[in-house]
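First comes one chain, alone, set out as structure tokens in the form predicted on its own.
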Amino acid sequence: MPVMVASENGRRGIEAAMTFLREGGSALDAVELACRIVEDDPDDHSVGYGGLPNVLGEVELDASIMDGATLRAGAVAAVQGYGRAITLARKVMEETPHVLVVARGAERLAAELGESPQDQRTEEALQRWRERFGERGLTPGVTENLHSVARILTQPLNLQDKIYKAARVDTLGTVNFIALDGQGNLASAVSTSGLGWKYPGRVGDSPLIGAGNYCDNRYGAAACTGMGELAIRAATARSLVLYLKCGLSLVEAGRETLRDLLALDAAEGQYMNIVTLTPAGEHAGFSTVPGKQYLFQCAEMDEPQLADRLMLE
């Protein structure tokens, strides 16, 4: 029976993908479809079109997709000037011998595959960039000594407010989906515009297989959102699946993964969220901070429902 889980911002995507799964569609197609819907939404500033820019005012997209039946994966990172990064990631998986293609190479691949260039910056996202950087006299694309600027502006919310009194800060954001289809196959997809106001070329966990995304039909799948550097350091997605392989229950595996993250001594305001789904359709969400939720939907449900993410006890 089909099941899907997603991050909280995946409602529109999960609804469309579940309809597709009910009609016999594959998990791999379902997670790509779900991601594309969110990527095309200008009101979601964590993904695709309308995503928050980097410190230069440029939107850079990262994405990955993984097939649990074959362990094939594809990913792109730091892509500018093209949308639907998840579809480009799938092209990397299916039409090249590679797993990860980045920046100018990924953009060249998009052009060779007939994708149309599309500026991912919306006026609203650029205005939010101006609210942060206008007082510094920067304009989009201007080059200066950026590392100190990016270091300050990517700090957690409370630290940003101490340095610059700016409204509406939500620099951490990503969308992820995991699907189990009627044939018993799992697939996972993650897409993001990355950390808002990041240093140009910064890549988080979303396009890194094993860090922000991992999927294996035999044991389960996991996908992450939050401060990607944490998941990279702890190999979070692969760790959770590995704990399942070692025989831990889903809850035990998730909490053991949280213990790995706890050992990193994350900075104030930095957090990590995880969603996970097993071959039996069991699902859960986990977080290093309280108050976080995730979406899930089974085939018999009329619409997705929110559930609380578990923490360490």
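The first residue of the shown sequence is 1; numbering continues from there. Please read all numbers here as calculations on a predicted model, not as lab measurements.
The discussion below concerns the form predicted together with a small molecule, not included here.
Undergrad: So in the predicted bound form, is the small molecule close enough to residue 173 to count as touching (4.5 Å, heavy atoms)?
TA: Yes, residue 173 sits close enough to the small molecule in the predicted bound form that at least one of its heavy atoms falls within 4.5 Å.
Undergrad: Give a yes/no on whether residue 120 approaches the small molecule to within 4.5 Å in the predicted bound form, heavy atoms considered.
TA: Close contact is absent here: in the predicted bound form, residue 120 is far from the small molecule, nothing within 4.5 Å, heavy atoms only.
Undergrad: Against the small molecule in the predicted bound form, would residue 220 count as a contact residue? Criterion: heavy atoms within 4.5 Å.
TA: No, residue 220 sits far enough from the small molecule in the predicted bound form that none of its heavy atoms falls within 4.5 Å.
Undergrad: So in the predicted bound form, is the small molecule close enough to residue 202 to count as touching (4.5 Å, heavy atoms)?
TA: The answer is yes: residue 202 has a heavy atom within 4.5 Å of the small molecule.
Undergrad: Considering the small molecule in the predicted bound form, which of 195, 187, 208, 106 comes within 4.5 Å of it through any heavy atom?
TA: None of the others qualify; the residue that does is 195.
Undergrad: Using a 4.5 Å heavy atom cut-off, which of 222-230, 79-87, 124-132, 235-243 contacts the small molecule in the predicted bound form?
TA: The contacting stretch here is 222-230.
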